[in-house]
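Below, in structure tokens: the form predicted alone, a single chain.
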């Protein structure tokens, strides 16, 4: 099996495995106790904290270990908002943040707070001016990911941090996807990260709160981890997490160059090998190992299953692979195609031969899925007028497939009404128009769903 889903969880680094096993004998006791075994555990925990702080670029007493990256985000957002309650009840996030951030924002909003989502461009990047424009006198906190988890786009954290600092607003950075590649630049105030993203064991997160940032931990008080991460520390896992962080950092510069070359192969060759594909995300400011593309006329879940049968583990932001059948909020915010979405995220050490085999297999897999779904083989021009495509009750990617089938019979200047009750159509039909060079006229209510209007330009 070729594992191409490192953005979800990187394989356990050999150094992490060694450190975990080695620390099991000395890291099991309570580090708060003064007897010998407790002192051994405390020494391991303190050494890990010092090493982690050095890797992050902060003071050791600013960093705590949490039970997960998600918990680090939740704790960081809630504590910063509570600590600045007197300033106001306004939170700023980007539209493409990880679900842990958006869920924290939902809880805050339900409790009476206000949330502003800063939009992104078609590559998935925010503009610093977007954050500057969203800042208000009552803004308590701003949040921005260092790099996007679905499409790999690197965000302008340093510039946004400068804007926030000038306004006196702390910026929390979700660095889960990037910390293994290097420290986060800029004058940020809080930072969260997750060990299993860089090859550490699952169940370990980092939360950094800079000195001077007003912070009020929420929930019952606990004396451990500065009161910010209650519960007994999993010291062997913490030691393994930090050991793997140091190890991947030592290899990061060389490995980044190698993975960029491999992902560039995919970015360049997939559109040549597979018709009707959109490669998404910033082509330059992106994580080394992540490349994402979407295939027209393909069911995302079926595509992932077929690739799994061929020996490739990949992930998707397609609406077809989610239990809610709604498009990925990241792809939706970017305004790109969601159907048939594939995220390839290469872990360190990925062999070039595996990438070549993926490129050999992919065209046949996509063609096979399209054939099963009855996708159009070509976009030949015809002159018969077709005005209505009824795709009510049919799920992604069928509405777009039916549109493509009908389109050759529409005269130039003609309008097509696509009837659909699938939420994904709201994203995928405009994306199809952009890919095909046709004009999307908008939507209007229709019996049983929505009518999406498309005009043929050529």
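Positions refer to the first chain, counted from 1. Computed from a predicted structure; not experimentally measured.
Below, we refer to the form predicted together with a further copy of the same chain, which is not included among the displayed structures.
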Open item on the list: At 4.5 Å between heavy atoms, is residue 10 in contact with a further copy of the same chain in the predicted bound form?
Closed with: yes
Open item on the list: How about residue 103 - does it come within 4.5 Å of a further copy of the same chain in the predicted bound form, if we only consider non-hydrogen atoms?
Closed with: yes
Open item on the list: Taking any heavy atom pair closer than or equal to 4.5 Å as contact, tell me whether residue 220 reaches a further copy of the same chain in the predicted bound form.
Closed with: yes
Task: Exercise: residue 156 in contact with a further copy of the same chain in the predicted bound form, heavy atom 4.5 Å - done: no
- [ ] Would you confirm whether the three residues 25, 233 and 301 all fall within 4.5 Å of a further copy of the same chain in the predicted bound form, going by non-hydrogen atoms?
- [x] yes
Open item on the list: I need to confirm a contact call. Of 266, 229, 277, 184, which residue comes within 4.5 Å of a further copy of the same chain in the predicted bound form, counting heavy atoms only?
Closed with: 229
- [ ] Name the residue from 203, 376, 128, 113 that puts a heavy atom within 4.5 Å of a further copy of the same chain in the predicted bound form.
- [x] 203
- [ ] Name the stretch: of 361-369, 304-312, 114-122, 138-146, exactly one has residues whose heavy atoms fall within 4.5 Å of a further copy of the same chain in the predicted bound form.
- [x] 304-312
Open item on the list: With the partner left out here, which residues of 173-192 have a non-hydrogen atom within 4.5 Å of a further copy of the same chain in the predicted bound form?
Closed with: none
